[in-house]
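Below sits a lone chain in structure tokens, taken as the form predicted on its own.
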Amino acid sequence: MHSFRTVSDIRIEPGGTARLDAHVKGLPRNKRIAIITDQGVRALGLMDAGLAALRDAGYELMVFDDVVADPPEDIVMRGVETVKQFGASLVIGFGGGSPMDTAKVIAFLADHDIALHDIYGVDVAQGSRLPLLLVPTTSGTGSEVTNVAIITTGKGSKNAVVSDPLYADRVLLDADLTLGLPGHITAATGIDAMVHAIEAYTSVHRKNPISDALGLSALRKLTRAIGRAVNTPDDVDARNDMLIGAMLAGQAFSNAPVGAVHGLAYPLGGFFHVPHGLSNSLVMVEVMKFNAQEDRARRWYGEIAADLGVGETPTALIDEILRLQDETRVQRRLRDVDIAEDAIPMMADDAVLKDRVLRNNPREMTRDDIVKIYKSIA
């Protein structure tokens, strides 16, 4: 049996942030709205038109902009208390994956009297939450359509809340928000979305026909748009295709979960604060080479390559990814992001514990395998 779930209300409107008052209609229970974002997004002025539209419509606003990359537990809980004290009846997550993940957890916990550590895991968080609208400003994480939130715990390790109440009530895709995104961020987030689509297609436990179709559709859009988006930053059509592609990939991996690329990427973000999309990009090719030695993965990679029209083998797909990495000038080595080779044992110790994602990988991976992969990109 297969099952599939996603956000029920997805709106695609370049420039739609300026009409944010129209896009929140029917969601808030009162006139108080909490916006969860980071200081970078706020400083760029990406929210200004939306905030003005909401204020003109009579809403009282509270902006929590303390979110940082790989959000730690203390910041999430600070956001929960701030939202509770404000009495918000709608939470808007505005930004990349970190603000959106934080907004999901805040919307849930602000409606409960439970601790964050009590909802880690799959299907643990159950019950109501505050109404939730998500507005992505990057084309990569797909977080706007997933039921997953990744939180940094302790000294760099990450944990996840994975449960259907984290699906948003509504999503707004506004490609205009991504027009000013620097090339290196556009590249890393775009390849991140490609990883989501590829790993959903090769997920061994919940691979299903709908996720397969969404993953392939996402890859067609992403591979044709990423170079244009990086090298012609004001190409709004390319930016729109990137945003839609990332969303489709998010729908795919929310139902057919990701695998070892993510497992090996998490320590790069948790310990060294490498952005998640870049972390995935750094490890993806070597993980795919490892997986391609297994029959199922070899077949699935070949199917993806054929759908993209680049060949019918895993090598053809990997070559296409390498071509795109060259075209977008994304970083390739751990040393490029200031991770020394002597950190590999620590990262491997952490990665091997990521059973939530490693179990979905088409080939079993040991700690020794992980060390070899890290060393190959050192």
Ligand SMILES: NC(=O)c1ccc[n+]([C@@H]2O[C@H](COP(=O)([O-])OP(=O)(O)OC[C@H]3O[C@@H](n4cnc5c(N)ncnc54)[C@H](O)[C@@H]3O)[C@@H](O)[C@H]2O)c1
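This one's a predicted model, so the numbers in the text were calculated from it and none came from an experiment. Counting begins at 1, following the sequence as shown.
The next section is about a form of this same protein that is not shown, the form predicted together with the named molecule.
Undergrad: Could you tell me which stretch in 137-145, 229-237, 212-220, 301-309 has residues with non-hydrogen atoms within 4.5 Å of the named molecule in the predicted bound form?
TA: Residues of 137-145 come within 4.5 Å of the partner.
Undergrad: Is residue 70 close enough to touch the named molecule in the predicted bound form, meaning at least one heavy atom pair within 4.5 Å?
TA: Contact check for residue 70: yes, within 4.5 Å of the named molecule in the predicted bound form.
Undergrad: Is there a non-hydrogen atom of residue 345 within 4.5 angstroms of a non-hydrogen atom of the named molecule in the predicted bound form?
TA: Outside the cut-off, so no.
Undergrad: Please determine whether residue 101 contacts the named molecule in the predicted bound form, using a 4.5 Å cut-off between heavy atoms.
TA: Contact check for residue 101: yes, within 4.5 Å of the named molecule in the predicted bound form.
Undergrad: Residue-level contact is defined here as any heavy atom of the residue lying within 4.5 Å of the named molecule in the predicted bound form; does residue 41 satisfy this criterion?
TA: Yes, contact at 4.5 Å.
Undergrad: Name the residue from 185, 75, 122, 204 that puts a heavy atom within 4.5 Å of the named molecule in the predicted bound form.
TA: Looking at the other structure, the residue within range turns out to be 185.
Undergrad: Exactly one residue in 79, 267, 96, 257 has a non-hydrogen atom within 4.5 Å of the named molecule in the predicted bound form; which is it?
TA: Here the answer is residue option 96.
Undergrad: Using a 4.5 Å heavy atom cutoff, which residues in 173-188 contact the named molecule in the predicted bound form? It's fine if the answer is none.
TA: The stretch 173-188, when checked against the named molecule in the predicted bound form, contributes 177, 178, 180, 181, 182, 185 at the 4.5 Å heavy-atom cut-off.
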